[in-house]
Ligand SMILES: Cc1cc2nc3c(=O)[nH]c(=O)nc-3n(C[C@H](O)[C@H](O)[C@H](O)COP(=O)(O)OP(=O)(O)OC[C@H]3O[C@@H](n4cnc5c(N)ncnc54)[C@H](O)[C@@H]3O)c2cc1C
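Let's start with one chain on its own, the form predicted alone, as structure tokens.
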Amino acid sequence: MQHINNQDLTHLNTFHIEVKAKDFYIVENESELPRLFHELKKHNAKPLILGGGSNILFTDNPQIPIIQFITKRIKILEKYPDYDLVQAEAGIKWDDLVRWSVENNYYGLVNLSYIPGTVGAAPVQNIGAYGQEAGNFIHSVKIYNIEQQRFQTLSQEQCSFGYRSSIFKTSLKGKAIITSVIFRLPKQKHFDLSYKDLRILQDSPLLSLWLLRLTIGKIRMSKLPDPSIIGNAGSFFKNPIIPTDQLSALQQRFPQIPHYQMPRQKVKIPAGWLIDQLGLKGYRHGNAGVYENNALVLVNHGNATGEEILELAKIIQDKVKEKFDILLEPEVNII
């Protein structure tokens, strides 16, 4: 384990916000956690786990300790006729795991190709794209319980996965650290082409895991800016879920409003569509802006501060609330 003072985080967050961490810890093995948290407890310090920095907005120099895992092992635990149980450590880049699953002919994770971040961060947000969510393939999650100072394994059911949500964002927020994830990866040939942009592959005689991954990569490149070129954290807001009666009222004013059926008499509205209706694509607030090709993405045009991006988000929230009576919630963690 390494302890670094005043670590520059500019290149450890995809918004490229220039901040420094007072105390930065690099963890190479989960066995180091009990000793680390014993020391942190002496100072009553509650740390932040930093994965790939792809879902976070720093608004100031963090005074809390920052922990980053660099554990990167993938291991097949058990083999079955239809699926295998595969353990991936928290420090692995998410897309490295997806690529590994494709190379080894596992189905399911391919729809989540090219999502930035780490394996350890995936269950927290229950990341999703193109008709699939990580939680659909998670068998269990190993954690270090900070309060109880012990390791635990939570089943898929115990993780309470929902839309961009999990127990790690609710009752266990700040109380647990994910050290590894066990995935239930299907081996039977199956492609999820339910997402409209993927339907072009339905009749392709060349359909394969690699072709699906390549197609998803092209779609993502057309809609999302490369964070190595322009700072961003992907979709900044969650797609709001509203009651069906509220949708009916909105349809009186906006007949073309897109929506997707959800359980319990609710529907999901694309946040990008709401923002787009306000004509905000390309809008700038200082050095922060709305991406010109995707209204759901906020970008750093070069020297934006976290506060500038947060102010831009508030402007968007206020405008959407005024026009649609819908409050957008950030998908990005704001620190």
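So that there is no doubt, residue numbering starts at 1 and follows the sequence shown. Nothing here was measured: the structure is a model prediction, and the numbers come from that model.
The form predicted together with the named molecule is left out here; the points below concern that form.
### Options 97 to 105, 183 to 191, 169 to 177, 253 to 261; stretch whose heavy atom lies within 4.5 Å of the named molecule in the predicted bound form
Contact criterion met by 169 to 177 only.
### Single option in I26, L48, L310, L278 placed near the named molecule in the predicted bound form, where near means a heavy atom within 4.5 Å
Among I26, L48, L310, L278, a heavy atom within 4.5 Å of the named molecule in the predicted bound form occurs only for L48.
### Task
Would you confirm whether the three residues N239, V320 and P330 all fall within 4.5 Å of the named molecule in the predicted bound form, going by non-hydrogen atoms?
None of them does, since no heavy atom lies within 4.5 Å of the partner.
### Message
Can you tell me whether G128 touches the named molecule? I mean in the predicted bound form, with a 4.5 angstroms heavy atom cut-off.
### Response
Close contact exists here: in the predicted bound form, G128 approaches the named molecule to within 4.5 Å, heavy atoms only.
### Heavy atom of I56 within 4.5 Å of the named molecule in the predicted bound form
Contact with the named molecule, yes.
#### Entry: Non-hydrogen atom contact P225 with the named molecule in the predicted bound form at 4.5 angstroms
The answer is yes: P225 has a heavy atom within 4.5 Å of the named molecule.
### Query
Using heavy atoms and a 4.5 Å limit, would one call R164 a contact residue for the named molecule in the predicted bound form?
R164 belongs to the contact set for the named molecule.
### Query
Going by the named molecule in the predicted bound form, which residues of 189 to 207 come within 4.5 Å of it through any heavy atom?
Residues within 4.5 Å: none.
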